[in-house]
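To begin, one chain is listed below as structure tokens, in the form predicted on its own.
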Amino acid sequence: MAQVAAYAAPSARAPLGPHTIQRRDPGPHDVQIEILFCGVCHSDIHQVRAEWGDAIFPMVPGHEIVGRVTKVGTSVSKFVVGDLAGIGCFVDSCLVCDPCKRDLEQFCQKGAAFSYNGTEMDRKTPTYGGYSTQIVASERFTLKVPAGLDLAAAAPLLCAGITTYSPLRQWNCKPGDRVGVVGLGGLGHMAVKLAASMGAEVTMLSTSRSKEADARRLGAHAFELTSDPKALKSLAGRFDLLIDTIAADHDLNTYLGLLRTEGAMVIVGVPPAPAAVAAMSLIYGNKKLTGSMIGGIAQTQEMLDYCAAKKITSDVEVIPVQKINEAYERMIKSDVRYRFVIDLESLKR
């Protein structure tokens, strides 16, 4: 076992601070990774504040991890020492249930082992995330980070990237499709970039006119202010696909009215309260309201390779780990464009 420097929340709503965790020695199928950068996801805040139910403390957050392989197990074939590698939202699953066999390990029927605030598949050993200097994981759940990507800007691809790439692939986003992205934040800015890269006609739907210039810079072809009733009326029946990234309460029926016949609205944001949906919002037009949660390992690797080929990364603000509590407060105020990323060299200092 190795003693590893980390930043942890000691209890719900307590500030994060320096902490030491134990990482196992690599087994035959494991890789050891020196963590270079870790993205900061809004779900980190929810979990360290125990807003999503059960939480395991001390908690070391972080599931947007990129680094360099420093050691490999005797049976590892996918990586060699020195390779760039990534860890996303989960680090293991049963591999034998139906979802696992279909490369949907995130939906493992026995419960995937998430990268932090969870346990290994033994249901005893706590998992710790990327606000640390090192991680050990099975090569089966470790991603190859393509050369040429800016590593800090690539880190959020492991969550924000795959969260928006997956529904675009599921709904066969293609040239000529009309795609609306609801909300411009960490998820929304990736949805705009990815949908535009796939040839879609992308419209940013936002409540804030101040975000129009950024939306167009990111690749949006149009911008519409959803607080304007006239704008909403003009958009009725327009979109093939809507990617809803909003994490605050909002009226889904309004947006369902913007779909064309047989269009789909995919929810990837997580509002705090259940939403009311009128039956006729779906029935009239055979419209679909669905959700999407990250992707399996194979699709996440596909996404990384796609982003490398298209030269797509996240817009990031790199911070030292010592500023994480300040970063959380800024995230709550939407004061980041569009993802904080921790430089883990700061933890070594």
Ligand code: NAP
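Just so we're clear, the structure is a prediction, and the values are computed from it rather than from any experiment. Just count from 1 along the sequence shown to find any residue number.
Same protein, other form: the form predicted in complex with this ligand, not shown, and the subject of what follows.
- Just one of Thr203, Asn117, Ser132, Ser206 comes within 4.5 Å of this ligand in the predicted complex, counting any heavy atom, and that one is Ser206.
- Of the residues given (Val72, Ala247, Leu235, Leu143), Ala247 alone sits with a heavy atom within 4.5 Å of this ligand in the predicted complex.
- None of the heavy atoms of Ile21 is located within 4.5 Å of this ligand in the predicted complex.
- In the predicted complex, this ligand lies farther than 4.5 Å from every heavy atom of Gly88.
- The closest heavy atom approach of Ser93 to this ligand in the predicted complex falls outside 4.5 Å.
- Contact check for Val268: a non-hydrogen atom falls within 4.5 Å of this ligand in the predicted complex.
- Residues within 4.5 angstroms of this ligand in the predicted complex, judged by any non-hydrogen atom, belong to 157 to 165 and to none of the other stretches in 191 to 199, 275 to 283, 157 to 165, 93 to 101.
- Looking at 42 to 67, the residues that come within 4.5 Å of this ligand in the predicted complex, counting any heavy atom, are His42, Ser43, His46, Trp52.
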